[in-house]
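First, one chain by itself in structure tokens, the form predicted on its own.
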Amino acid sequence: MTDDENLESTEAEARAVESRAEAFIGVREARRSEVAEDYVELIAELIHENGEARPVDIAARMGVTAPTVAKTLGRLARDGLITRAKYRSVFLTEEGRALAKECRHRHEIVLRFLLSLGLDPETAERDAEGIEHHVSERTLALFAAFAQRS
């Protein structure tokens, strides 16, 4: 191999390593925001269905304990996504409502895509819940286009 070929090979390997590192960073960031997205989406759903979102209802729907919900709600309040008072319902801020709307939209696109592939509704719903947090905007647009054609 010539020196130029060695240099090109080394540069290509460095780009591949950097690209993979960026992918891992993206996945970690998606995991960090996944819980917040799930909570605001559920809070919006509960408010729509019941007129309020109570921590006890959030715990039941999420399948977690009341202390887990309390801790997560505290973080969401610090992040400016919700407002709440002790022993009262939870409400979304403007930022929380916008995030919930975006999450619902992403979920619906992924769900329609999976259903258009022939997946049964129960599996599609469960899988969409995870995929919606990890799919890029570019891939999401392709999912939407594919589902519209089907």
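The model shown is predicted, which means the values in this text are computed figures rather than measured ones. So that there is no doubt, residue numbering starts at 1 and follows the sequence shown.
Heads up, the form predicted in complex with the DNA isn't pictured, but that's what we're talking about next.
A.B. asks: Test of understanding: in the model of the complex, would Ser116 fall inside 4.5 Å of the DNA by heavy atoms?
C.D. replies: Contact with the DNA, no.
A.B. asks: Tell me, yes or no, whether His48 is in contact with the DNA in the model of the complex, where a contact means a heavy atom of each within 4.5 Å.
C.D. replies: The answer is no: His48 has no heavy atom within 4.5 Å of the DNA.
A.B. asks: For Pro121, is any heavy atom within 4.5 Å of the DNA in the model of the complex, or not?
C.D. replies: No, Pro121 sits far enough from the DNA in the model of the complex that none of its heavy atoms falls within 4.5 Å.
A.B. asks: Taking the DNA as it sits in the model of the complex, is Arg61 near enough to touch it, meaning that at least one heavy atom pair lies within 4.5 angstroms?
C.D. replies: Arg61: no, not in contact with the DNA in the model of the complex.
A.B. asks: In the model of the complex, do Arg54, Thr65 and Arg88 all reach within 4.5 Å of the DNA through at least one heavy atom apiece?
C.D. replies: Every listed residue reaches the DNA in the model of the complex, so yes.
A.B. asks: Quick check for you: of 40-48, 65-73, 121-129, 101-109, which stretch puts a non-hydrogen atom within 4.5 Å of the DNA in the model of the complex?
C.D. replies: Looking at the other structure, the answer is 65-73.
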